[in-house]
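Below you'll find only one chain, the form predicted alone, shown as structure tokens.
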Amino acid sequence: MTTEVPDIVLVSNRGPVSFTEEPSGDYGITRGAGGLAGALDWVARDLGDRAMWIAAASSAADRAAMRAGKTADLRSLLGYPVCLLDIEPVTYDRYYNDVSNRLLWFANHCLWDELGVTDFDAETVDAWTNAYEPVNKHFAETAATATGSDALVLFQDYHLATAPGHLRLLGDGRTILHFTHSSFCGPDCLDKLPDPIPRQLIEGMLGADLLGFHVPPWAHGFLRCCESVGAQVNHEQSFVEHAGRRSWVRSYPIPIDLEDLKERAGKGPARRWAERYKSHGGRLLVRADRAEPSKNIVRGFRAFGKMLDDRPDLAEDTRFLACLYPTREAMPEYRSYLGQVHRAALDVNDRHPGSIELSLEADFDRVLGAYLVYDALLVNSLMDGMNLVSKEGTAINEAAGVLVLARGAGSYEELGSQSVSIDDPYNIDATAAAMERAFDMRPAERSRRAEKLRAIVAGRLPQQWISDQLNDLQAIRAGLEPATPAQ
């Protein structure tokens, strides 16, 4: 294969870099870090010209830089080519906000009751038909144009759920992966979407040869959805037969880039934040999240307030540092939720002055400083595809801190046995009780659990995560079963 035709195409809504407009009139570049960006960047750098990354120009600066020809510079900067798609801004907003981050995010996290969403208007279906589907088709057509018939094409996340189906219609030789990075709770929530969205979504995903999820519960949720549209599901071997094709379903828990995380946590900015938090004395509870409903922040604050109400000894010297950053502020549900977060924190602070410190800045050095010194880390998500906070914090904490972890977080599959569990994250009393158990835990037990958590998190590298998927795709291309076992 020539270098002009890549062997592997990575396709995601957000790319490995974003552009910023500089006062000089030129364009600066910010690289993605950690998680998905770090794992995919590793394989792309390793392959060089044999890889390509396709993404949307998701901001005005991205679009302007692309039109100025700046994407051509990325090949020498990154070591591989990047193709940005220039999507009309109104169409992009409807695809990204109205469908991806509203309808599909809410369905994948079972948030309908939480947010009081009961029905949909004609505009909803129109956004799916005239924005989401055309954008997914555009991504698929770009991948088809860029690749030979034997390429591996890796679509990432719910933003591009129907792109595999569109690509399949353009030729049957490519071997296609779709990986969902969110939770996927099943047909009870997906079926609340208006017709024809549920069926088109699942059938679009089934255009892939391999469907990846972080943990088995989300894979099982997808298999149940396949049954609901009449596909034949083999649960034992975890594959789906539909429209004369077979799609394999596997789980691949994403790890963190521990080396990079430790390097940044050891630098001055993070250390200064750590010293500031240590200087206050007393016990420190920490959380770090996007300010959005699936993270269950409001109930976390209320549970903390209940713990302080019930335990005067803890109320004397326990603080809660909540490092949050606003997200998706164009959406009314998110603006409303951020208001609820503020009110919940104020209510606790009215009863226990200064007990909650609320930070609403995207300052990762502050978060790292908090990770280093927490006594307890709270992750009480309703549902999370994985939740890297639980891995990042336990990996670098230096205070034998305790992880308080809800079963709805994908990371519970790996870390739950060494955490203090929240069995029902909707239950404020149960969450308060879990916090109490964390603070009451004896030092020897705290140290034992912290050591085991660090070992679990250090046990896998991002390179292994993506390598497993590539190996399975190559096996499928050769007519074999994926090496990764069904779960």
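Quick caveat: nothing in here was measured; it's all calculated off a predicted structure. Residue numbers here begin at 1 and follow the sequence given.
As for the form predicted together with a small molecule, it is not shown, yet the points below apply to it.
K.L.:
Taking any heavy atom pair closer than or equal to 4.5 Å as contact, tell me whether residue 276 reaches the small molecule in the model of the complex.
P.N.:
No, no contact at 4.5 Å.
K.L.:
Hey, in the model of the complex, does residue 157 get a heavy atom within 4.5 angstroms of the small molecule?
P.N.:
Taking the distances in the model of the complex, the answer for residue 157 is yes, it comes within 4.5 Å of the small molecule.
K.L.:
I'd like to know whether residue 101 contacts the small molecule in the model of the complex, with contact meaning heavy atoms within 4.5 angstroms.
P.N.:
Contact check for residue 101: yes, within 4.5 Å of the small molecule in the model of the complex.
K.L.:
Contact with the small molecule in the model of the complex for residue 182, defined as at least one heavy atom pair within 4.5 Å: yes or no?
P.N.:
Because a heavy atom of residue 182 falls inside 4.5 Å of the small molecule in the model of the complex, the answer is yes.
K.L.:
Among 412, 337, 80, 105, which has at least one heavy atom within 4.5 Å of the small molecule in the model of the complex?
P.N.:
Exactly one listed residue reaches within 4.5 Å, namely 105.
K.L.:
Answer with one of 352, 94, 137, 328: the residue that has a non-hydrogen atom within 4.5 Å of the small molecule in the model of the complex.
P.N.:
Among 352, 94, 137, 328, a heavy atom within 4.5 Å of the small molecule in the model of the complex occurs only for 328.
K.L.:
At 4.5 Å between heavy atoms, only one of the stretches 404-412, 174-182, 312-320, 114-122 reaches the small molecule in the model of the complex; which one is it?
P.N.:
Contact-bearing stretch, as computed: 174-182.
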